[in-house]
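Starting off, we have a lone chain in the form predicted alone, written out as structure tokens.
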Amino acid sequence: MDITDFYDTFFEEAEELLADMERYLLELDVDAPDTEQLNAIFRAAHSIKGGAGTFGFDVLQRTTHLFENLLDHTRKGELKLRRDIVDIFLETKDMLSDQLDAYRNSDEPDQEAFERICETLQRLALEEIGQDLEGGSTSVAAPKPQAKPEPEPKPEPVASDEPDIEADSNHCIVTLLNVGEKDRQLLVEELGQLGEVITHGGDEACYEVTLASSVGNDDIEAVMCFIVDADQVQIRSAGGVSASPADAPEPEKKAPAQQQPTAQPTPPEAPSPKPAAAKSAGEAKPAGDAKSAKAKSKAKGGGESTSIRVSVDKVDQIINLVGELIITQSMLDQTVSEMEGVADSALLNGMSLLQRNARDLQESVMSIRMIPMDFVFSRFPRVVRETAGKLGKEIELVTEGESTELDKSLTERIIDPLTHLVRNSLDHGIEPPDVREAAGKPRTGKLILSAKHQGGNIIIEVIDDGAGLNRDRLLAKARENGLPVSDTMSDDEVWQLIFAPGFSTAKEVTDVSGRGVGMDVVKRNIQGMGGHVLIMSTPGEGTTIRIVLPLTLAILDGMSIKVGNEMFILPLSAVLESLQPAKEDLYAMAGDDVVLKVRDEYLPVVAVHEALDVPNAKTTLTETIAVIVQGEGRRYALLVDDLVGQQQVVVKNLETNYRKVPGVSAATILGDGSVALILDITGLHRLSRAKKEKRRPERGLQTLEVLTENALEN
């Protein structure tokens, strides 16, 4: 077996462990650190070290070894935590991430950065506890790790820095519990790569392998757990000392040899298991460890597993095929409905059952792509901590709705816009502690990240209890930048000014913000995901920025409309109501613009047939139907011929399959096999205005005359 087959699994597991490590580090109370959190951080570092040693990733193994020893002193109370020490631990975690990425890309990690972090960790240990992390002496420099000879060309495991077995062919017994025959053979072959298999035998319930090997128990376990679950493996020396995952004692109760980490082999008379060689049963596992244990079981056999790893491309392919199935089902359903004199109840019942099963299948497949918002929110404690430190502010971060699910593709794309919004709230929104105290507020500001479902959308909010937006200051800055503004603008329109390109009210440019290049990018990115941004602000009390996104970009609840002989789809989430316009509610504006009065609100009128050049459409305004829609926080009245009905459609990317079309966001295939365009509300309005500018000389006068005549009659 080629051990490189397990590289991808190791990289994914290590990424999860590093994410958990960062989360626990950020949650630590430096004055009274939680023992379980410290243990979880230690276990994450130890697990990564074991895997790195197994795969021969020397730099990663050396870094995690030093880090692990320092963490061991911390959880034993020998190293007292401070904020600056936690910062060093976070810096080490970042370095481990960089090293992991380098190995993933088949590169060597940055040697200079590696030496710098090792020096930092060694210096911290010498200053705080007076010990060298490897040798246990304050006067001896840390020894360089000695590479083990590799007799075969295949990647060989690197010997542990703290072996549990004597270096010269010590015997140990590996017990496999409830492992199938195929996986037993694989495991025996893999153990043969670590030493000499003396004997092996037993049945599926209990299979024992006697191994003569010079590597440590943690390295043996690291190889095994990539094929079967950790609780299916028990390792003990031939003398009977257990090092199994189930029987290992708690790290705090280890043999004295563990109190002084050393790179020298443990004497054979007193073999000592490693602190967390197999995750001691006496310690509560963090959530990341639970996920790791499940994912380590290889999909093709061995033990019960509750999850498997599947490529996103494969999931996308399944979703696409299910979409095609839905389209085919719609075509069959429409064909049957158009057949005259169909009285076969079996056929009708079969079509009804097919429709129901197809929808259930679609929902089940789509749920595979949905992941909780915790995937996004977990990144921000670090952002808030570091940004607040740079700004000299005290910030409390609160997250709500972490379990709310969103399509994976959207969660990855929303991270950058949210980061801009969070940094903006920290810099411009929340005041410095002294200013807050003078205003009668707590010195510590509060930033809330929340997510919740609402209809077919997800609502993500960034809420701060800062000073709020200053209307007069925003208008003054807009005039200074040459933007068309007036004092009669509504608050909503004034708040939207912060999304203008190059707009910034910062008095000076810092490394946090002030260049005016972030918020307009935020708005464009969110619109590119089919969403929009709303702002609510109260001076002196704070600001709420609300992002509204569709749950997924693959399936859309739509309203079918007809214009001329063409069928179009409007996103149902954008449709507010529909009505037939009356003469007295239509008003002509300057040029050939028209507005529709709806309950004391004047809405711009967008004739779909004019914007998209659709022939044979109704042109008399009072004969059309006005669909009131909302896009980018504004409302419009779309004029269409007929409303056909609501339906769920499979979204097809028009830009990928054809090209970008103004006023159109995507396309879908209807039940009769025809293609219907999905309209982009805001883009349609811009397209309509652009075409009116071009057509004004030839058509504007006629339209104006008609509307003026209507107005005079009223």
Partner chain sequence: MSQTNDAALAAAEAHNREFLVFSLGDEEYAVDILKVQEIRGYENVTRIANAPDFIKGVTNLRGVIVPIVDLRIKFHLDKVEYGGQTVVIVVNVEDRVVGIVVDGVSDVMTLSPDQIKPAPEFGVTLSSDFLSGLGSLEDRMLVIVDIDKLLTSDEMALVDRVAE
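Superpose the two forms; the largest set of C-alphas matching within 1.5 Å is the rigid core. Residue numbers count along the first chain shown, from 1. Here the structure is a predicted model, which is why all the values come from computation and not from measurement.
Form predicted together with its partner chain: not shown, discussed below.
A.B. asks: Is it the case that residue 211, even though its partner is missing from this view, gets within 4.5 Å of its partner chain in the model of the complex, heavy atoms only?
C.D. replies: No, no contact at 4.5 Å.
A.B. asks: Does residue 652 make contact with its partner chain in the model of the complex, using a 4.5 Å heavy atom cut-off?
C.D. replies: Looking in the model of the complex, residue contacts with its partner chain include residue 652, since a heavy atom lies within 4.5 Å.
A.B. asks: Whether residue 402 contacts its partner chain in the model of the complex should be assessed with a 4.5 Å heavy atom distance threshold; does it?
C.D. replies: Contact check for residue 402: no, nothing within 4.5 Å of its partner chain in the model of the complex.
A.B. asks: Would you please decide whether residue 26 lies within 4.5 angstroms of its partner chain in the model of the complex, comparing each non-hydrogen atom pair?
C.D. replies: The answer is no: residue 26 has no heavy atom within 4.5 Å of its partner chain.
A.B. asks: Based on heavy atom distances of at most 4.5 Å to its partner chain in the model of the complex, which listed stretch, 28 to 36, 66 to 74, 53 to 61, 658 to 666, is the contact stretch?
C.D. replies: It is the stretch 658 to 666.
A.B. asks: Heavy atom within 4.5 Å of its partner chain in the model of the complex: which of 437, 613, 492, 584 fits that? Just give me the one.
C.D. replies: Looking at 437, 613, 492, 584 one by one, just 613 meets the 4.5 Å heavy-atom criterion.
A.B. asks: What is the one choice in 577, 324, 642, 487 with a heavy atom within 4.5 Å of its partner chain in the model of the complex?
C.D. replies: It is 324.
A.B. asks: In sequence order, which positions of 61 to 91 have a non-hydrogen atom within 4.5 Å of its partner chain in the model of the complex?
C.D. replies: The stretch does not touch the partner at all.
A.B. asks: Would residue 679 count as moving between the shown form and the other one, using a Cα shift of 2 angstroms or more after superposing the core as the test?
C.D. replies: Yes; residue 679 is a residue whose C-alpha shifts (by 2 Å or more) between the shown form and the other one when the cores are overlaid.
A.B. asks: Under a superposition restricted to the rigid core, does residue 542 display a Cα displacement of 2 angstroms or more between the shown form and the other one?
C.D. replies: The answer is no, as the C-alpha of residue 542 shifts between the shown form and the other one by less than 2 Å after core alignment.
A.B. asks: Please say whether, between the shown form and the other one, the C-alpha of residue 117 moves by 2 Å or more once the core is aligned.
C.D. replies: Comparing the forms between the shown form and the other one, which are aligned on their rigid core, residue 117 does not shift its C-alpha by 2 Å or more.
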